[in-house]
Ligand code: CDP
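The chain below stands alone and is given in structure tokens; this is the form predicted on its own.
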């Protein structure tokens, strides 16, 4: 039966029942159980006790070696040990509740804990609970379950656990803390909370505890059956002496996938990324400029800022339409005379014909499920190798065309790599390719592409001071972009521009 005991990932928001339900299901089936949130809680408790900045990887990562999960004697890894002392009760307190999400947002902390969590699950027969188990820690888990419940339901459960009256101020504080934590978990730049694409989602509002446990047990038993059937139907393994055909070599011009962590000693390093414009990229740029002359009147300004920029460059731009990447690629790439790297979902690169075209245009594929961690690693590698990367700091297309509040991932990337930032403001592309429309259409209206002066950001100090500096750096990045846009597009950062007295919109010369 060893082959029939799958690896089970259970994810969900805070207080959704991941730990209690997962532990009960594991106990019923004779599986091991691990709540990975205890590792983050232990680090948070240690950091609070030691006065370490909760966003400082230099202080946090060394704490990982001090933390161990111990068995409770019933198969559950539910006891937190720090230097041999049981601190389980301490790490479940309200102070850690309020702070653990901040620690979980630090990419270096997540990377330091990743291999330890995977090693625990290597032999199967385990239920592992957390917030990114099915998407990042165990993307190949045999079964992925996402337990969900409304914030109100989860707050009620936690208040009951602590013996609080439902209408008390303490219960209200629990609800507020859960909503704040949900927002942090779902919007953090690295490994945000979400259900894996192939997860079984179980909504637990109105369920009794036993009903939810029964639903999870049934899902695990179904996974056991599938695993037995797959093992029975698998072809016999080839003899050890059988010749194994070598994998086909990748085309020399293909972008080398870099989403996986660097291989260990003796396995070689990834192929260095190229910097020059290939013939294919040059041809695509020429074709793009011809097409843009048909679709719109393109006005360019500030392109003198692109001259003689060497070293790592992080281009930051607003994002209002699917037309933005081809516009930027067609005009900015030849002006830099360097390859611009883009991050894109791996599924797009797998499309017949179109996928090859996308890949040859320096798009790096990121696997969905571990996309955010891999995206950060991939982006950092591009800049560490002193190339050019473009990022849309808002994280998605603006539904209104106005700037939205930016995610902090771009700032973290800039701080980690020391790259020079080049702001770009895009306007008019929503008319060429409106949101929800499958294909663009000619408008012959004005489309503007405005390049600002290169700059760098820093976040000196420590603790709250460094945190404030990081927030200020994010605002500065977005202010630089907003200054290049018409006033009606500045949105969330209109006030930041107003404080600097920036001019009222982009100017430029039309492309003839």
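Residue numbers count along the first chain shown, from 1. Keep in mind it's a predicted model, so treat the numbers as computed, not measured.
This next part talks about the form predicted together with cytidine-5'-diphosphate (CDP), which is not shown.
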{"query": "Complete contact of 321, 398 and 479 with cytidine-5'-diphosphate (CDP) in the predicted complex (any heavy atom, 4.5 Å)", "finding": "no"}
{"query": "Candidate stretches 289 to 297, 385 to 393, 150 to 158, 418 to 426, one within 4.5 Å of cytidine-5'-diphosphate (CDP) in the predicted complex by heavy atom", "finding": "150 to 158"}
{"query": "Interface residue in the predicted complex among 174, 138, 104, 317, criterion: non-hydrogen atom within 4.5 angstroms of cytidine-5'-diphosphate (CDP)", "finding": "104"}
{"query": "Heavy atom within 4.5 Å of cytidine-5'-diphosphate (CDP) in the predicted complex - residue from 330, 200, 212, 301", "finding": "212"}
{"query": "Touches cytidine-5'-diphosphate (CDP) in the predicted complex: residue 489 (any heavy atom, 4.5 Å)", "finding": "no"}
{"query": "Residue 14, heavy atom within 4.5 angstroms of cytidine-5'-diphosphate (CDP) in the predicted complex", "finding": "yes"}
{"query": "Any non-hydrogen atom of residue 80 within 4.5 angstroms of cytidine-5'-diphosphate (CDP) in the predicted complex", "finding": "no"}
{"query": "cytidine-5'-diphosphate (CDP) contact in the predicted complex: residue 185, any heavy atom under 4.5 Å", "finding": "yes"}
{"query": "Partner contacts for 203 to 221, taking cytidine-5'-diphosphate (CDP) in the predicted complex and a 4.5 Å heavy atom cut-off", "finding": "204, 207, 208, 209, 212"}
{"query": "Cα-Cα trend for residue 412 and residue 66, given that in the predicted complex the distance shifts by 3 Å or more", "finding": "farther"}
